[in-house]
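One chain is shown next in structure tokens, namely the form predicted on its own.
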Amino acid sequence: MTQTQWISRVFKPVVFLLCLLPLGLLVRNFLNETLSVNPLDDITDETGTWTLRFLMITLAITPLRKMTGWNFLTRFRRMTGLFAFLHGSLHFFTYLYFDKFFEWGEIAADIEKRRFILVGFTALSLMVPLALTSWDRMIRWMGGKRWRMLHRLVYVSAICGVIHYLWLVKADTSRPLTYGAILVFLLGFRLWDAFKPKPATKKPLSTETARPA
């Protein structure tokens, strides 16, 4: 098989199953009643944490590709991004249904009063247009330049996600600060790559200059 066939038939299904594994384990533990005495907190924590992890994995693909030359990694970026959106949606749905029972007035007041909820909601809202435009047909319809500009919102979403986590915790901030450090590195690499001096390309000799004197 060619490399493209290996990626489509072998690697992609394996990566998909690995991405699905955290959610599968969470569902299994919920059904088997092996979560803690407060399963709602477990579900909220797990889905929120994996939202951040998948965002970091998605943002890490480009630096890793440029450092290693493994261009095939870009084929998994859409998948990991959609899994980030899936877990973020489940994280927010857990809050809407299990915590607030779709009491929209109370939800609106809560979002206004508790800043970590507002910034978390902002992070998820920014991911919605990214998920809706992640398909090849949308890229062709929008045009590559406009599509790339839109999908830079993932940087803002990731920043909001880290801030949401940092403002949420009340004592030990080591985990959100770790995600923050990872995000700073990933965004810093992009800035460095964008502004680093580009190697000069040699211009081909013209007919006149190539001709012996």
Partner chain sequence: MRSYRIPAIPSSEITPEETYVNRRQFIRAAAAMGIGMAANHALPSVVRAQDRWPQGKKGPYDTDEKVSTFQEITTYNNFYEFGTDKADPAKNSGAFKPKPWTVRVDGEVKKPASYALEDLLKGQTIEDRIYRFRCVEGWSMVIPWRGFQLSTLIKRLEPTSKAKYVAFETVMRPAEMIGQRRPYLTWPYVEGLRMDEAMHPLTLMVTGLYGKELPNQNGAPLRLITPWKYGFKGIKSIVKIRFVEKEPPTTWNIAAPDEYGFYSNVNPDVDHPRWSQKSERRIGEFLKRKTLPFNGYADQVAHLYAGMDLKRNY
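Positions refer to the first chain, counted from 1. Source: prediction; values computed, not measured.
There is also a form predicted together with the partner chain; it is not shown, and the following applies to it.
> Would R140 count as touching the partner chain in the predicted bound form under a 4.5 Å heavy atom rule?
Replying inline: The answer is no: R140 has no heavy atom within 4.5 Å of the partner chain.
> Quick one: does R148 come within 4.5 Å of the partner chain in the predicted bound form, counting heavy atoms only?
Replying inline: No, R148 stays farther than 4.5 Å from the partner chain in the predicted bound form.
> Applying a 4.5 Å heavy atom distance criterion, does Y97 contact the partner chain in the predicted bound form?
Replying inline: Contact check for Y97: yes, within 4.5 Å of the partner chain in the predicted bound form.
> For R175, is any heavy atom within 4.5 Å of the partner chain in the predicted bound form, or not?
Replying inline: Flag for R175 set to yes.
>> At 4.5 Å between heavy atoms, only one of the stretches 149-157, 48-56, 35-43, 66-74 reaches the partner chain in the predicted bound form; which one is it?
In response: Within 4.5 Å of the partner lies stretch 35-43.
> Can you tell me which residues in 160-196 come within 4.5 angstroms of the partner chain in the predicted bound form, by heavy atoms?
Replying inline: Contacts from 160-196: W167, L168, V169, K170, A171, D172, S174, R175.
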